[in-house]
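Next comes just one chain, in structure tokens: the form predicted alone.
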């Protein structure tokens, strides 16, 4: 793990291998194929001429040449013919064969386009489902970081009802932080001497030694996370993979004393563990974070937790629709 769904030109992604949505000749074409050949230079075409083409659903590998990657994996997706001609099986095979080639060649990072979703006419939403499901299945047994480069927000398949429900929840709960700050500035603050006296009295009553405070500290994030994993009946690998978090990040959390995971990572674990809202808030607090009503990302996550929706890919598709960073990224 994980899968990173990003908006970026695949020819500019720095990784071990990028996947080219090629045609059967492997000699270049339009769309992604043409862009990759152009960016790689003439040497790529020369090598492709030695491969003897490629069958639909299969994949072959070449050097990356002028691209910022070591390899290019060429795969030929199916042409959409209504969905009754084995297109799904062939598309799944494209991802499986490409990932297997990447593994055999020692690749740790791979970037895919959304295969067959261009001129080959495969419906974008269904193509995305095949991509995420097939890649996720591979990553349950293998350690690799996979990028899925997508430009079109219409690709995401969340229903109109879900989109409208999330939008309504944001409208009901979002507080414009700038508006609130400006309004307070306009109104000014009125603090009386009695307020100061009350605050001073409270401080004296609550004051305690630093040693006492430290002795009452809660468990840190790593310890809390391990306890939750045990409580939910999961194992470590299952948890960080469901959270769309890399093995490297997991290692840092568990072994580097001063490592502080990002808020995004903490929330990804909360989703993987299917935590309640209160459990999520507690997990966030172990790293000094909180959910804010002035943050659309936080409100969207809160919506899914409250409604018991823990499918990280549905959540990420929704975050993408609302121009927010995806979980585990």
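Numbering follows the first chain given and starts at 1. From a predicted model like this one, the values you see are computed outputs, not experimental measurements.
The following text describes the form predicted together with a small molecule, which does not appear among the structures shown.
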Point to revise | 4.5 Å heavy atom contact, residue 135 to the small molecule in the predicted bound form | key: no
Review point. Does the 4.5 Å heavy atom contact test between residue 324 and the small molecule in the predicted bound form come out positive?
Key: no
Check your understanding: Wondering, does residue 55 line up within 4.5 Å of the small molecule in the predicted bound form on heavy atoms?
Key -> no
**Study point:** Proximity of residue 124 to the small molecule in the predicted bound form, heavy atoms at 4.5 Å
**Key:** yes
Practice item. Sort through 108 to 116, 137 to 145, 254 to 262, 224 to 232 and report the only stretch with a non-hydrogen atom within 4.5 Å of the small molecule in the predicted bound form. Key: 108 to 116
